Every structure is written in C-alpha cells, then in structure tokens.
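Only one chain is included here, represented as structure tokens and corresponding to the form predicted alone.
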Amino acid sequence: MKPTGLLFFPAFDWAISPTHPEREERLLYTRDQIFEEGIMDLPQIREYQPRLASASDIARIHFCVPSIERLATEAHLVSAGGALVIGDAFMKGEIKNGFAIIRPPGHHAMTVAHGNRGFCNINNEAIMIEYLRRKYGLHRIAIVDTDVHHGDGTQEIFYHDPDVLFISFHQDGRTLYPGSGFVEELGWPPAWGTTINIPLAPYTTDEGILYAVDSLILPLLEEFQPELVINSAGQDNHYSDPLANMNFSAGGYAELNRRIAPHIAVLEGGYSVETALPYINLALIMAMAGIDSSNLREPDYERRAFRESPDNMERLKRIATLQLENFRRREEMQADLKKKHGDFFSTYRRIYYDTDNISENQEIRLRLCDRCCSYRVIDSAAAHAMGESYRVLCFSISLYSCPDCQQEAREAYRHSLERFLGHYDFIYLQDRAADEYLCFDCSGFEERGIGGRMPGEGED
C-alpha cells in the first residue's frame, strides 16, 4: 500500500499583520499535535519538503500587475511550490494521495491579480492544476472547494473551461465574504454546467453537509469521471471558526474526506487556530491515510447540540436536484449559448480587493469555438487606495486550444502592440499552448519574457 504524502509550510516570515487571523500559528499548532501523536512516524505517511514555484508556473495562471516580483513574495512561491511537489509525487506514483498543509492560501486569487484579496495573492490549486496538465497531459480535473468562503478566484480561472469541474460548498454569499457562489453561477458558454455551487445556510451541520456530498457531489464526480480530484481544503466551516457561522465538526471533515477521496488536498482557510485546526488537520490526514478516526473529536463537541433543521434539509434537497439537472444538460446549454452569442461572448465585472483596498473593473471577451475553449481577452483597470493605478490588456490562450484559435490570439496580441500602446501600462500574452509568457511595457516600449525565456526562445 502506498503512503499518504504530507508537506508542511507554515511561512514563518509572512503575515498580513502580527495579529491577523492568517498567520503562522494556523499551522504550528497542527504540526505540534501531529508530531505529538506520532503520525509522522507511521509507515502510512511520507513527508515531503517544498520548493519554489517558478515565474513560469505563476504566469501560466496569472497576469500579475505590475509584475510577479511585486505581487508574490518568496513565501507565496514556496507555498505554491509545495502544492507542485505533492502533485508531482502523486503523478509519479510515489503516494496514493497527498495533503499540502501550506500558507499563504490562494483560492480568492483570480486570473488578473493586482494585490491581495481574501488573504490571497496567487492561486495555489490553479497553479498546480495547470502545471500538472502541462507536464503530464491531464485533461479532466475536478476541484471540490470545501472552504466556508466561496472559492471565487478558482471559479473565475476555470469558468470558461469545460474540462475542469469546479464544485464549491460554502456559507451563503448573502451572509459572508465574498458575496458570490450562487446556484445561478454555472460557467461561461463553453463550460456552462461545469461550475456547481452549493450555498449553505448559516449553522449547517455535519448532517447537512454530508447530505450534499452524497446526493450531489459524489454523483457529479461519478458522471464527470475526472482523471484527478483536488480538494481545496478550507477548514473554516468548523463550529468554532471566528470568521464564519457554520456547525461542521472535525469528525465531519474526516468523513467528508473519506467519501470524496481526493487525490490531492491543498489547505485553504481555517482560523480557529488552537481549538479546531489541529483536530481537523489530524482528521483529514487520518482519513487520507486510511487510519481509523472514529475516536477523534474536539473536547467541547457535543453531537446532540448540532442537529440539522428539517427546513434546511428540504432546501439542500432542492439545491441537489437543481444542480444535478443543470450539470446533466450542460452540453445542450453550451451549444445553445455558443449559437446565441456567435464568435465572442462579452461580459463586465467589478472586483474589490478587501485586503489591499483596490477597486478593479474588467471587460472580458471570450472567443467561442466549436473545437476548443479558445482564448480570453481581459481589459483590466485597477485603482489602489494610495493613488496608484494600472490599466492592462491580457491575452490568455488555453492549453488545449485548437491551432486556428492559437494563431488568431497571437495575431491579436501583436496587433494590439501597434494600436493600443497609449491606452495601457502593460499588454500581456499568456500562451499556455506554447508555454510562452510575454509582457510588453508600454512606457518603455519593451517586450520581455516571463520566467527566464525571452521572446522567440524555444524550450530547453
């Protein structure tokens, strides 16, 4: 039997502030408990050490404005690199599954990243997924986001991609940051029905969440047949978490993990530092390693105090029925929407960076193609609290886009350098198909490669 891979990175040198909920103690109490329990000495566990993610790894997912160096500290690169290490270990067959217990977190970071929002600068899961797709040729990936906050960044990154099934259960966005994740959010035309949100009423218990797993999440995974299942493992649904209002327990998390059986789990949120996180992380590790966790429970947990209301169970049943129907008619709806919108789908959005106080406006154009999920063009303008502002134009070519769409996008990028230099600070090309990432600095009239490769250079 292969072991479960574990990787710790507490990021001693990174915190938003010394007293902020997102700080190193989130992982230190967990590490102490795991070592005290002797978990790391068991043959079912293999420990791994992180490495730095490269600039190309980041540029494969993000347009970092004004640069990767400005946005991603060394701690962010090590956190993302830790996810890559666990991903490699699984794909090489060294482990049966793996858990990257890392910080800073990432699931609120979107394609265009101007700063920190929701404690996130870069998106660890998305960086890992695109790295694994590039390196190992994977196509169909499923992400199950179990953080109490809607994983809006991960959703946005894959919102156009029918080969990525994104499932998120979270406290209802009408009651909690970031105010999104409703059942109507199903994906853009090429990928309609491959985003499935499960907004939960405050104080939902183990019973309600595990019902959603059995009646909706597991059937979705069974029908989608992904090559890889990723758990975006937020732990702030716990009843003691100070930033939310849910009633999930450590035992519930263990059972959730056992049922979903992710290949890779990557830590996200969870801010009950002393009273919950050590128990939840231990529960997840035991579930992934196949160790009996039935006796693991928090000292103050009293099961009889956490009973699901009949009204909420009826609500969950309605959501499960609706979302299964949406998923099962996705191909029909994708075809209808492509026909309706023609060659391009356009939309507009406003994004607020709560941590860094940045206001961003985006206009998005998505090329619609019958053969692939093609490319996106994002026009982004962001104003910072201290007066700094940027406007950027971003071209993103999907990894598995067809040759015609690749060529069209590259020509559009080159054409933009001739037409729009006075309108933008930077113009970017994210060419996943060629694994080439370019940034044109409009003030200095200079094009540079991102990740160590200059324009025109081939791969080693």
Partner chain sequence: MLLGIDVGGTSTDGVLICDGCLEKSVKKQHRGDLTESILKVLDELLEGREAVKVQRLVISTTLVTNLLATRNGARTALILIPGRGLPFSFYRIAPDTYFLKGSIDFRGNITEETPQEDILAAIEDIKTKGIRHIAVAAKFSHRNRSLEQEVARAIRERCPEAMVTLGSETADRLNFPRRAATAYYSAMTAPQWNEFASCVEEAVRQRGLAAPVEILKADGGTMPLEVSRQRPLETAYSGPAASTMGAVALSPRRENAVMIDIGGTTSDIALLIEGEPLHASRGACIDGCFTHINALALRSMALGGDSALQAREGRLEISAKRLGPAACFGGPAPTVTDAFNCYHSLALGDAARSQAALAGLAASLHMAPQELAAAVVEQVLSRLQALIEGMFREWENEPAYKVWEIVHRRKFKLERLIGIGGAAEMIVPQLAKRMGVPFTVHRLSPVANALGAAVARPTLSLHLYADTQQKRFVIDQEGIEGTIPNPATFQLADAEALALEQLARLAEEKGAGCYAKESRVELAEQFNMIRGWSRVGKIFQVRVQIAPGLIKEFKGVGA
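Residue numbers count along the first chain shown, from 1. Here the structure is a predicted model, which is why all the values come from computation and not from measurement.
One more form of this protein should be noted, the form predicted in complex with the partner chain, which is absent from this view; the next part is about it.
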Candidate stretches 62-70, 400-408, 36-44, 418-426 - the one whose heavy atoms come within 4.5 Å of the partner chain in the model of the complex: 36-44
Within 4.5 Å, heavy atoms only: does A434 come near the partner chain in the model of the complex? no
Is there any non-hydrogen atom of L52 lying within 4.5 Å of the partner chain in the model of the complex? yes
Is there a heavy atom of R297 no more than 4.5 Å from a heavy atom of the partner chain in the model of the complex? yes
My question is simply whether Y279 lines the interface with the partner chain in the model of the complex - judged by any non-hydrogen atom within 4.5 Å. yes
Only one of A244, V78, V213, V112 has a non-hydrogen atom within 4.5 angstroms of the partner chain in the model of the complex; which is it? V78
Select from 261-277 the residues with a non-hydrogen atom within 4.5 Å of the partner chain in the model of the complex and write them out in sequence order. V273, E274
